[in-house]
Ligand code: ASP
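Here's a solo chain for you in structure tokens, the form predicted on its own.
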């Protein structure tokens, strides 16, 4: 007889865990001890459910690497007791947190599904119930007593995405997330339909390795026409900076002004890695394709390919925390570690 999967829900904060007090019209945190009473449909799922709630719910705008560590520690502590995890999180920074968690766990063989909602559970038109129910169902879905999903994902509005391929694209629509450079992993309709060729496959599970993100001394610089030399110099001269990510134009292009290139070279000589990622929602960096990126290629900027900004930030933090040398860091950043990039 097949074992009934056991799912752990981790509530960190966010709209999905809020209910409205209709006497005061104020939102307050939902008591997850009463989850079956509030969402009786969960009883129909073929799984058992436990929950853990942060003592003080965190608005996703206040999420930071300390909270990422707390989420990861809870997962690690319960990894052998649970068959899957559902993390309830505010949508604004969900892609950052979920991407970070994807890098922090190596040899992951169980699902970690992030979800949230645009409206609280008690609202008439809420998306919270469907998102939570289906996220739990996906985390509990198995074949031959093995989970179908063995990676960190985001489920939102009928679609499952690889977490480190996502960005939040809307603050008003229920379709709040998108994965422009990688196909959906599953879609919820009358049935759950998994896009099997694009899933991470685990043949022989290895021991889970958990590495903390401890270094977040990085800078994200978005280029724009007419960006000021003094501004860039000031940013690059800030103390204790261990890594720089530049959102460039198109396929990795940037100004060819001598002063701009000299600032980059000076930072590189200090041993500060510089990552080139594109501002475009979809597409990839291809250093050297145009004249405006040839010098960037020559001086050794790291190619971010089609990585999202959220994944670039968390991957760089992860590699810096692992104390990789510049040579190793460049090689590892340009290598898919958790399916986050597609090299050209």
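Positions refer to the first chain, counted from 1. Computed from a predicted structure; not experimentally measured.
The following text describes the form predicted together with this ligand, which does not appear among the structures shown.
**Student:** Find out whether any non-hydrogen atom of residue 92 is located within 4.5 angstroms of this ligand in the predicted complex, and reply yes or no.
**Tutor:** Yes - in the predicted complex, heavy atoms of residue 92 and this ligand come within 4.5 Å of each other.
**Student:** Is the gap between residue 292 and this ligand in the predicted complex 4.5 Å or less for some heavy atom pair?
**Tutor:** Residue-level check for residue 292: no, no contact with this ligand.
**Student:** Report yes if any heavy atom of residue 118 sits within 4.5 Å of a heavy atom of this ligand in the predicted complex; otherwise report no.
**Tutor:** Yes - in the predicted complex, heavy atoms of residue 118 and this ligand come within 4.5 Å of each other.
**Student:** Is there a heavy atom of residue 60 no more than 4.5 Å from a heavy atom of this ligand in the predicted complex?
**Tutor:** Answer yes; at least one heavy atom of residue 60 falls within 4.5 Å of this ligand in the predicted complex.
**Student:** Looking at 280-288, 298-306, 315-323, 52-60, which lies within 4.5 angstroms of this ligand in the predicted complex, counting heavy atoms?
**Tutor:** Result for this chain: 52-60.
**Student:** Which of the residues spanning 225-246 lie within 4.5 Å of this ligand in the predicted complex, based on heavy atoms?
**Tutor:** Sequence-ordered list is empty.
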